[in-house]
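In structure tokens, one chain follows: the form predicted alone.
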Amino acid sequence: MDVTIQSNDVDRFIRGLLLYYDVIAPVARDGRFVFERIDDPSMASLKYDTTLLPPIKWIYPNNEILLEFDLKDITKTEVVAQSRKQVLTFVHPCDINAINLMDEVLAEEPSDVNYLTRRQSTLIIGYECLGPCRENILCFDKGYHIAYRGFDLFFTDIGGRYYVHVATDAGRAMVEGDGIFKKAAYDDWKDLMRARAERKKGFNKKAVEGDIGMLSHFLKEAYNADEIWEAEGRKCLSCGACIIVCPTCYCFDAVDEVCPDMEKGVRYRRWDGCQLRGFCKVAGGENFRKSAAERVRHRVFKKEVYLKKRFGRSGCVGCGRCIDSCIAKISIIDIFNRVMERARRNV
């Protein structure tokens, strides 16, 4: 089912959503864009570049309570799985693909009940990128500049109106009944094809030189390539900025906090990650990845080797957030290109 909506009716559509859902939308803040809960359609920015944090953070938040316990009677421990009906609006394809991967990762046993509960309460409205949004991206290389699933509605700007693909029953419910959506006609479809032809022209520059389908293989061959990992490790500050902004990082630490009365408490989780110095430190003081070089290598391998082996696709969706946020100017694109160059030299 495909429909269209006039550009000047989008605010009315969002206003209708606000009656039933928490609406999360990209909002302009100090020269960047962030996903925020809005209470007025005028706050939303449909045309935006990469947001500071990905929208997945509204499904997988930091400092989330996992359970509440009673120290006097441990049998009263209760799992806390909070969820609110929410709509993530105008989500770019790279972020939709990231959410699709997280859905698989966190559904594996033992499944993440908190994430899945919140995911089931979340609708997603996609927004098609008709050209690169920033310089430091490689979504085109990965094929993640297009999303084929993982959304309820998907908007494409076709000039003065939007072509809307309705993908689910929940999406159909959002477009029915208010009269602002019209059934897509043949002329609308032709304009959609024109827009996508222009998209192909815009996405024509690859960031990584060579066959990216071989990247995982070449990385394994470069595991002991100190000229790559040591060079990046010398720059890395182990600040963790890259893992905080990544839409497919999901590591966390669990913390118990006891109330002042020493009778009750809560267990909550907070984001944690492999680039932090203490992440691999265990009892006795042993640290299995002491150096920054080892941690950088592990992060790259997690995205391009381990996740790809387990789920059949890369864990890097090419959004470029890690590059933009790194104060040491470490670029995953540069690392990939150095690995590819090394492979060419060794042929």
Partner chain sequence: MFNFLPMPATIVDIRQLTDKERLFTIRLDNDRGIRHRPCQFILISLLGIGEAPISISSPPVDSGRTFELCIRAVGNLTNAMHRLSVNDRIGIRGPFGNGFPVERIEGKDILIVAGGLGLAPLRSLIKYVLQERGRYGRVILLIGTKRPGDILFKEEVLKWEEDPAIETHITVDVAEPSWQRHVGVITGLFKHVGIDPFKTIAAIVGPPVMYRFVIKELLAKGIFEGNIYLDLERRMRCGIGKCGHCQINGIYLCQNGPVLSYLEARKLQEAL
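Note that the structure is a prediction, hence the values are computed from the model and not measured. Only the largest set of C-alpha atoms that superpose within 1.5 Å between the two forms is called the rigid core. Positions refer to the first chain, counted from 1.
As for the form predicted together with the partner chain, it is not shown, yet the points below apply to it.
Listed stretches are 175-183, 270-278, 124-132, 156-164; the contact stretch with the partner chain in the predicted complex is 270-278, by a heavy atom cutoff of 4.5 Å. In summary, among the residues 187, 108, 169, 227, the only one with a non-hydrogen atom within 4.5 Å of the partner chain in the predicted complex is 108.
A heavy atom within 4.5 Å of the partner chain in the predicted complex is found for exactly one of 250, 140, 218, 90: 250. Although the partner is absent here, residue 191 sits far enough away that none of its heavy atoms falls within 4.5 Å of the partner chain in the predicted complex.
In the predicted complex, no heavy atom of residue 204 sits within 4.5 Å of the partner chain. By the criterion of a heavy atom within 4.5 Å, residue 31 is excluded from the residues contacting the partner chain in the predicted complex.
Although the partner is absent here, residue 47 sits far enough away that none of its heavy atoms falls within 4.5 Å of the partner chain in the predicted complex.
With respect to the partner chain in the predicted complex, the three residues 66, 116 and 283 uniformly fall within 4.5 angstroms at the level of their nearest heavy atom. Contact residues in stretch 61-87 (any heavy atom within 4.5 Å of the partner chain, taken in the predicted complex) are 66, 67, 69, 70, 71, 74, 75, 77, 78, 79. After superposing the rigid core, the C-alpha of residue 276 moves by less than 2 Å between this form and the one not shown. Remark: with the core as the superposition reference, the CA shift of residue 194 between this form and the one not shown stays below 2 Å. Core-aligned CA deviation for residue 73 between this form and the one not shown: 2 Å or greater.
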